[in-house]
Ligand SMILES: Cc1cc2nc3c(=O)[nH]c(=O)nc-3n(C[C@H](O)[C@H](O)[C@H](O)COP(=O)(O)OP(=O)(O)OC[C@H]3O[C@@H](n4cnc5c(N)ncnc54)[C@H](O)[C@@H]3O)c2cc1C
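Below you will find one chain, with nothing else, as structure tokens; this is the form predicted on its own, and questions on how it binds or moves follow later.
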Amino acid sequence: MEKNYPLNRLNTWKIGGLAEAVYWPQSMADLSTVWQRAQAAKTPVWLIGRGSNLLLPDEGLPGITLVTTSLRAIEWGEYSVQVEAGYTLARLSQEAGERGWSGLEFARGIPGSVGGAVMMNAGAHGGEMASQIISVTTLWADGTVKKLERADLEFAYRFCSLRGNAWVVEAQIGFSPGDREQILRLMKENISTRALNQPLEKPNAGSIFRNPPGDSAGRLIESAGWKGKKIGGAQVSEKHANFIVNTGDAKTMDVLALIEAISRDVQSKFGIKLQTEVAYFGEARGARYEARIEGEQSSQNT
């Protein structure tokens, strides 16, 4: 366990203050034990994975922050795999493809962990996690661990019914037989498309807003004139308007303020209330943060 650990090392946005204490459980039993002890002591406890879809607070986190990246046990079956939450989704996709197993081609470029991908029903290129889930093992608020079948879960666009109720610590994922070369070629194409269209060169947390039905959040944000605009060190990407990048010194409140301003403006101009994809740990709200918005609309297309 490490004290006063920088949260900016635990998320892809590279933002956040100091965590009071950070611990990397080495097994699911270890995770459950630490969780139960923290709950019994009424110590705040937070659970995160690779932090690829997460905004952490400038003021840091009290209590214990549990990071699942050491939970990487994996067992391959017959066109299925049992894998712990901390396993990298992109790596799992690649390894399945190498076996000629189809089902996770869409996930090859997604930077998160398996647990986080299930919790948010991550998807891309027309695929999503919900279609591949057989069962999940979950950690509940009281520290108990339960296995749930796919039929016990509800999934929707970037939504899983476990959110706000439990955390995924292991998942069983199913595949179908496929042509190895074709699978690997498709994954390579997906990675190339991602690199072409997304600002991978700067710290970010992926798409900020969910696409509204029948439309694109990026299109709406760009049409509203937000490409390239900044608050503090947070900037709407010039490459893709549904990304907010850290230009080097972004604070949590910069990002929150930008999210709030974009949301209000898009709703005012188009009558559409954008819903965020990213999770946020903390109480602050961007609407309470006064900051100058810098930059003018870019003519560059998404």
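A quick note: this is a predicted structure, and the numbers were derived from the prediction, not measured. Just count from 1 along the sequence shown to find any residue number.
Missing here is the form predicted together with the named molecule; even so, the following discussion is about that form.
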{"item": "Residue among A224, L153, L92, A124 with a heavy atom within 4.5 Å of the named molecule in the model of the complex", "value": "A124"}
{"item": "Of A261, L47, M28, L274, the one that lies within 4.5 Å of the named molecule in the model of the complex (heavy atoms)", "value": "L47"}
{"item": "Non-hydrogen atom within 4.5 angstroms of the named molecule in the model of the complex for each of A117, R158 and G206", "value": "yes"}
{"item": "Contact of A38 with the named molecule in the model of the complex (heavy atom, 4.5 Å)", "value": "no"}
{"item": "The named molecule contact at F281 in the model of the complex, heavy atom, 4.5 Å", "value": "yes"}
{"item": "Contact label in the model of the complex: R180 to the named molecule, heavy atom within 4.5 Å", "value": "no"}
{"item": "Contact test in the model of the complex: G112 vs the named molecule, heavy atoms, 4.5 Å", "value": "yes"}
{"item": "Options 49 to 57, 264 to 272, 234 to 242, 249 to 257; stretch whose heavy atom lies within 4.5 Å of the named molecule in the model of the complex", "value": "49 to 57"}
{"item": "Contacts with the named molecule in the model of the complex - residues in 169 to 190 whose heavy atoms fall within 4.5 Å", "value": "none"}
